[in-house]
Structure formats: structure tokens, C-alpha cells
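Just one chain follows, in the form predicted on its own, and it is written as C-alpha cells.
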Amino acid sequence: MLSGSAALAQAPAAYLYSLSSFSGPLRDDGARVRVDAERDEVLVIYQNTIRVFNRSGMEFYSFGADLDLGQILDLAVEPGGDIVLLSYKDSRSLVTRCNFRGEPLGPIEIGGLPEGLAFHANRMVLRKERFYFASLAASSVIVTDAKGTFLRHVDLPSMMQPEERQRGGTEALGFSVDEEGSIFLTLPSVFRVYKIAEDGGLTEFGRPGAVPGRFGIVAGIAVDRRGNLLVADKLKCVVMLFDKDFGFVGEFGYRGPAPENLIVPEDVAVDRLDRVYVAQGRRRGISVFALAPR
């Protein structure tokens, strides 16, 4: 692994700032970060509260503590500004549409599921009027239209090679969907990133190791507007950048106390201005980086 000036010289992103409120930088551990591309805002989920940040990284609104929706697990922002929440209550996964203030407008019922397929999800992505609901423990994804009507089911374990399934489990830590509808899942047990295309084609990449471009414990994943992949590695404390053909471009972060360092990065998101948001552990909050022009 590179360090010091050599690492900084080759870093594909530069540190900008940390998400903050008027009382100082955010200190939440293991938060979930989502981007509202239409309004250049960032939403952070932590302990059933959604905190909203402007384009300068300052919190200006929060909601969620008084909602009777159980545990809030994820969210997506519709083009018109309504916020869709995924939650878990009374042993059920719930999908609820709220207005921009977080006031519930009504449920989205998931219907038309094939017999025997249950709806249990802990992650959600909205792309081009389609919802993608993932159960990370099963590496399984249900795709619906904007009204919640079932379209297709993706079961990654059934697509994997038998030796991969037997290597240590099939639980995913990262989940994302690109603009073309391709689904990405990271499986730390096999040191792999999997891509399932809209037509069902499966590709994968990743190898374990300590050198740049190899994986330790892969976690969150995001896809930028050019199709590049950003993969967080909790063990190496970096975010790696790969091009759309899975070629390694570089990495940034590196464990340490400086603002540009990362500690146990878990979740990652990227906006249309090429700003990267990295949620960390150890009360490091969420750091924001600018991708270098390519």
C-alpha cells in the first residue's frame, strides 16, 4: 500500500469537508448516506432520524423521530421531491411515500410477487421509475415499478459458482444500481463485486490482498455518472475507484487521524457533481471528497 506523499499524488479524489451541523461535524457511526441528485442535497439515516444537508454540507432539516414506521432502513428521493422510506415493523417490510418534509402520504404496497417469494428488504434504490429492493443477507433483489408491482427477482447465490457459495457465505454488504439498471453487490466473504445486468448477465471481479486494487473487507459501493465504481473497504480503510470495465484506477482515504483519512468506511454515495460521500465508524461521521477529473 502506498503512503504519504506518494499515495496523495496518485489519489483519485481530494478531501473537501465533513458533513456538519451548527454544533460541529457529524459524529454518527455507521450512518447511511443517500443523494438527492435533483436538488443537490444529501440525506443521512441514523437511528431513525433522517438529516438533510445542503450542497455546502450543512444540515438544515431533520425528521423521522416521530414517525410510526418501525425501524427506518433506507430511503430514496423521487424526481418530484417526495421521499420514499423503507422500514421494518411488526415483522414486515414497509414502503412509505412521504412529502419533502417527511410527512407520510401513504404506503406503497408491493404486489404481484410470485408464489413463495416473500418481500423482505433492508436496502432500496430508485432508478428511472423502478424500485430495487435488496435483502443483503440473502443477496437477493426484487424489482418493481413505481407503484410497487413486481417486475423481476434476482437471486445472486443461484447464479454463483458452487465453490464461491461454499467459501464462506453469500451475505452482501454493498448494494447499488446504475442508470442502465445493472445491479451491483459486494460480497466480502469471497472478495468479489458482482454485476447483474438488466438482461440477467453476470460478471464479477475482485481478488484478496493488501496491495492497491485488491480487497480486504469490501462494503459499500456506488456508481458515478460515467459508470465508474467506488468500492469502500472496511479493513484497508480506503475507497477504491474502478472504471466501467473493472480496471483499477486508484484509491483514497488510508487509516489515520487527518481529515483526509478514513476509519472503517462502510457506506459510499456519489452525486452528479462528482462529490463522494463516505460514511465511517469510530465517530468520524461522513467525509466528502471531490473526484479528480478523468
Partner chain sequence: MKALKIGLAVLAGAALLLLASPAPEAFHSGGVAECGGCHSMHSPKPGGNYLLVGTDGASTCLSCHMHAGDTGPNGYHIATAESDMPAGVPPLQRTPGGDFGWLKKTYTFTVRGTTTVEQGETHGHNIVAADTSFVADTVNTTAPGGTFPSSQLACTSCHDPHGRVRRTSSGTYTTGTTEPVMGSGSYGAIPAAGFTVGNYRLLRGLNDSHVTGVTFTGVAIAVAPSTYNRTEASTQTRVAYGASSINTWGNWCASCHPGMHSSGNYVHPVDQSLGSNLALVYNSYVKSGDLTGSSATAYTSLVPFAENTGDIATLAAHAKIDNSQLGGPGASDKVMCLSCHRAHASGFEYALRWNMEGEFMIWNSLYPGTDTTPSVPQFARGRLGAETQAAYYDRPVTAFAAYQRVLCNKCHAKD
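Numbering follows the first chain given and starts at 1. Just so it is clear, the structure is predicted and the values come from calculations on it, not from any experiment.
The same protein has a further form, the form predicted together with the partner chain, not shown here; the description that follows concerns it.
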### Arg123, heavy atom within 4.5 angstroms of the partner chain in the predicted bound form
yes
### Message
Can you tell me whether Tyr46 touches the partner chain? I mean in the predicted bound form, with a 4.5 angstroms heavy atom cut-off.
### Response
yes
### Heavy atom of Phe191 within 4.5 Å of the partner chain in the predicted bound form
yes
### Query
Do Glu266 and the partner chain come within 4.5 Å of each other in the predicted bound form, heavy atoms counted?
yes
### Summary
TL;DR on 65-73, 224-232, 242-250, 34-42: the one with heavy atoms within 4.5 Å of the partner chain in the predicted bound form is 65-73
#### Entry: Partner-contacting position among Glu198, Asp155, Glu171, Asp145 - heavy atom within 4.5 Å of the partner chain in the predicted bound form
Glu171
### Query
Which residues, if any, of 252-286 lie within 4.5 Å of the partner chain in the predicted bound form when only heavy atoms count?
Arg255, Ile263, Val264, Glu266, Gly281, Arg282, Arg283
